[in-house]
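Here's a solo chain for you in structure tokens, the form predicted on its own.
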Amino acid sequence: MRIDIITLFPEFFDAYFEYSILKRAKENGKAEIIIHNLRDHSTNKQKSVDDYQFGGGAGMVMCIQPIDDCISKLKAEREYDEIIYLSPDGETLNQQICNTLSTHKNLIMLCGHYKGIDQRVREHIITKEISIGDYVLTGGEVAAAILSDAVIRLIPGVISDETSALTDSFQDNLLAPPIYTRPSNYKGWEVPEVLLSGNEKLITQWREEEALKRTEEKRPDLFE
């Protein structure tokens, strides 16, 4: 998978993709992440990419020209499955969206800033809008990093034990059951006996029941 991220602050991503699973995904050729500085596509001397709103109002708006030029250049080089704008009023990110995106080959992610982007970008260039929650961030960089992380880890071969990703929370619209490791008894706090039994059928049943119970308690919206 190739992910092209368009941003005003490319340095934000310098360290993010250089650790753990994401770093290994890049080194193993499973994921290619290219960061593009939107200012490189500005046509004025100041390299500015924003301007005042038509009709007045507080906040600057990211201009259509540099965004269009950058995305057009990328599209001339390869086909993209989705051109994603990270926006607080987009579709709320969930595991099902991540599952779908992980099957794609090429993605573009556009990070907004200031008051947002010219509406014509959203109407004519963007193919999908995604929000990571009902709140507003300073820019879309954090959201793009989160989305990339959630998608890349699902690519076959990125995680050595692929069943680990398939049993994460939300994969079946349930929260994951409790998990334990050694020691089995710590300060009198004991691991449930069924997990030490070696009976796979009983362990699977226990995990299913605990997932249902945890989801009902913590996320009744999912349980319904």
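In this text, residue numbers run from 1 along the sequence as written. These numbers were taken from a predicted model, which means no experiment stands behind them.
The discussion below concerns the form predicted in complex with a small molecule, not included here.
Task: Residue stretch of 100-108, 149-157, 72-80, 129-137 approaching the small molecule in the predicted complex, non-hydrogen atom distance within 4.5 Å - done: Selected range: 129-137.
Open item on the list: in the predicted complex, is there a heavy atom of the small molecule that lies within 4.5 Å of any heavy atom of residue 88, even though the partner is absent here?
Closed with: Answer yes; at least one heavy atom of residue 88 falls within 4.5 Å of the small molecule in the predicted complex.
Open item on the list: Since only the chain is shown here, I'm wondering whether residue 143 would be in contact with the small molecule in the predicted complex (any heavy atom pair within 4.5 Å).
Closed with: Residue 143: yes, in contact with the small molecule in the predicted complex.
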